[in-house]
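Before any questions on how it binds or moves, here is one chain, the form predicted on its own, in structure tokens.
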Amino acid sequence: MTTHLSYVHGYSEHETRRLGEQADTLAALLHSGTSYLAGSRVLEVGCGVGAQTVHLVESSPEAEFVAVDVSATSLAEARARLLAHAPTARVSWIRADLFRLPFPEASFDHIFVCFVLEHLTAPQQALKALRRLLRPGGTLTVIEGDHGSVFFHPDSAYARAAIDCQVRLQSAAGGNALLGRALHPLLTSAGYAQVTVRPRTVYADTSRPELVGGFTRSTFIDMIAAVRDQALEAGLMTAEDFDRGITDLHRTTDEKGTFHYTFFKGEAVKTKEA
């Protein structure tokens, strides 16, 4: 099965928990404005462990979802998650490669893709492949992050270098942790119309403890800390400097710390001519 994908974060139990924490913490921010009418057929591509699926179903309980992922293990975890949160949800689970999806043309009213394109070697090709599956007038929603949007207080060159390790490792694996800034040109060049991209900004300080804990600490810092061994093996930083960078990132969660990150949410339409 060809994947065109390299998930640099891995498939550990820790990563599963991190994805769930991220999705729950950011649900209001990322899913605001996204809902589907009763009877709509919606494809979620790269559903992973179902962290986003839970919130899609919550926003559109009468829609029919088809959730696809290349990992059988992730799909099993997604089924269990949905069974616990929404046992009556209308979700079909299919293991398939994004570039070889087993659906005829114009099969779906809507497609939802979250945190997938950044891991692909050919994101524009993926968007073109997905456009084929939309009916004319159907919509595509894409959400991606951009690690270049990070800034924080107190600032630290070591912390920024540790973040750059993750960016470089993802690039070496064929992905792009800076993809958010390129979302609009990617969508337009893939043939979509009515493309709009809007920033969804996370800002965390001690007045927002749920974001400090759920995003800064448990989502972002944990993600950077998880690439420590890979970064050292690649010679990107010394162990001492990397560990100092993680320590400095944790300082942003203290009483005098702040943290900022921007996600980008793109929406587009398949025209009749496309």
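Computed from a prediction, not measured in an experiment: that's the story for all the values here. Sequential numbering from 1, following the sequence displayed.
Keep in mind the form predicted together with another copy of the chain is missing from the figure; the text below concerns it.
Highlighted residues Arg181, Val197 and Thr262: every one comes within 4.5 Å of another copy of the chain in the model of the complex, counting any heavy atom. Looking at 68-76, 102-110, 133-141, 151-159, the stretch with residues near another copy of the chain in the model of the complex, meaning non-hydrogen atoms within 4.5 angstroms, turns out to be 151-159.
Within this chain, Thr25 is remote from the site of another copy of the chain in the model of the complex, having no heavy atom within 4.5 Å.
Contact check for Arg208: a heavy atom falls within 4.5 Å of another copy of the chain in the model of the complex. Put simply, Gly174 is far from another copy of the chain in the model of the complex: not one heavy atom of it is within 4.5 Å. At a distance threshold of 4.5 angstroms between non-hydrogen atoms, Ser189 is in contact with another copy of the chain in the model of the complex. When you look in the model of the complex, the only residue of Thr201, Gln125, Thr121, Ser92 with a non-hydrogen atom within 4.5 Å of another copy of the chain is Thr201.
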